[in-house]
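Below you'll find only one chain, the form predicted alone, shown as structure tokens.
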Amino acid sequence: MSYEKDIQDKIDTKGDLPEKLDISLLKYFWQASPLSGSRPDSVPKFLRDIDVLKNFSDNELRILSQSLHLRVFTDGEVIFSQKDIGVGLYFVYSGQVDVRVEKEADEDENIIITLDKNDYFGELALLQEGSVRNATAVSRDTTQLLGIFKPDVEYLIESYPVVATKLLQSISVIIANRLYSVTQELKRVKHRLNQMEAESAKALEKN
């Protein structure tokens, strides 16, 4: 069973989700301060370095952090599997995550991309009800992820609507950027196919 499948089961049975981050107000702002001298990978500084969270104030990031779950994954541990129902968005706090498309029949499993610190994935699950994962995410070595799940977003909508709105806007930006990247890649592939067709046509004319 994948980590996310376990989370989905807890949501379905109204069980307790994993413990959330619990950083006190003073500690959060002390770690967020450039004068604090705290380690560069502290949660406040980590969140400030996430590009899609740039529109959050420090206090809004603090509120968001209260809905995040920190989880350490071992090498090869499955975060979610292809065809799982998605329930969360994840930020890579440390380590790496391989995103793979599972093999079909006699095909080999294909690693699409390896995600590193400050990367994020799984965002569609927070916007689309019943979103099905189209790939498998597996930790590489020891990896720490900060996750936020649908019930956490629902809590933010009820208790901190401004923070929830900014989070959903950020997720929309992530999806828009990914769609743009896919569109550009399709254009490059189409251009290359047209070149190959033209080259094949020329070769046939010469023959």
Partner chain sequence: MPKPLRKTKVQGEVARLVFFFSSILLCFIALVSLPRLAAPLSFSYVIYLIMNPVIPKLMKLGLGKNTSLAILFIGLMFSITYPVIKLVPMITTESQNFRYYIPKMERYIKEKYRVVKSEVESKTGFELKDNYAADAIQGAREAVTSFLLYLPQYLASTIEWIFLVPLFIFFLLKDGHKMKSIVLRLTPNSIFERFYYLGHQFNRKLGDYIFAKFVEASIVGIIITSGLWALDIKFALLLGLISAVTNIIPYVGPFLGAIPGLIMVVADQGVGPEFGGVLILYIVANAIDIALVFPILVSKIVDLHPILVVISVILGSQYFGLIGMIISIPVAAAVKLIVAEIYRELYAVRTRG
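Computed from a predicted structure; not experimentally measured. Positions refer to the first chain, counted from 1.
Keep in mind the form predicted together with the partner chain is missing from the figure; the text below concerns it.
Contact here is defined as any heavy atom lying within 4.5 Å of the partner chain in the predicted bound form, and by that definition each of Glu77, Val87 and Ser159 is a contact residue. Contact check for Val72: a heavy atom falls within 4.5 Å of the partner chain in the predicted bound form. Although the partner is absent here, Lys103 lies well away from the partner chain in the predicted bound form, with no heavy atom inside 4.5 Å. Put simply, Val132 is close to the partner chain in the predicted bound form: some heavy atom of it is within 4.5 Å. The partner chain in the predicted bound form comes within 4.5 Å of a heavy atom belonging to Glu154. Put simply, of Arg178, Lys150, Arg48, Arg140 only one has a heavy atom within 4.5 Å of the partner chain in the predicted bound form, and it is Lys150.
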